[in-house]
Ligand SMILES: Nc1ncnc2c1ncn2[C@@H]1O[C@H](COP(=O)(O)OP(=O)(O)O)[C@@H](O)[C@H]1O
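The chain below stands alone and is given as structure tokens, in the form predicted alone.
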């Protein structure tokens, strides 16, 4: 537990107040470890996006403790949260959210450039290396609006890796792609996980994809009802 990238303890998240309140998460305990390649599954309305937002420090729990990279986040101000998120976490979403007025290279640089206030030479080189890594080195100067859906998602993956995060949170990263392109994107995520040790948590509705991951976490009605890892022999064990 001590080296967990993200540690959630007794997380509750309510929306609304009084009798109108809705409980999205109810007493969640969860630890995400370095190097894991995990899937988070559950029916619509189970609390997956809420849980992802809390793990990613994009939302606050109603109660409970969130610790990221060994740092309790309860008393951090907005600046502290932003810095911790920026140095520890990366994000990939179903809709890539690229800036269409910028090139692929500029989109990859954007998270770090916002933090630093400029596009530096070393940042530009890092972005080039990442685009090469995702197979888009020849597209670095192409405007994002002219890229295909799969290419845009690969740019989004490169962008998520710009600050060398320990954990990438991916919300339905293949949900908007055709099957062949989705398989390529998933293979890329696995390759990055294997080669760099970057941990991934993938939110998905695809049961086959989820069961191919090293760890499967299932959420139903705001509760974790299944949490299993695959051991070296290929069998699943409860975490």
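Positions refer to the first chain, counted from 1. In this text, all values refer to a predicted model and were calculated from it rather than measured experimentally. Each form is matched to the other, and the largest set of C-alpha atoms that superpose within 1.5 Å is called the rigid core.
Another form exists, predicted together with this ligand; not displayed. Remarks below refer to it.
Of the residues 194, 63, 44, 179, just one reaches this ligand in the model of the complex with a heavy atom at 4.5 Å or closer; this is 44.
Among 204, 214, 198, 50, the residue placing a heavy atom within 4.5 Å of this ligand in the model of the complex is 50. The stretch that touches this ligand in the model of the complex, counting heavy atoms within 4.5 Å, is 22-30, out of 184-192, 206-214, 64-72, 22-30.
Taking the rigid core as fixed, one finds a CA shift for residue 225 smaller than 2 Å between the shown form and the other one.
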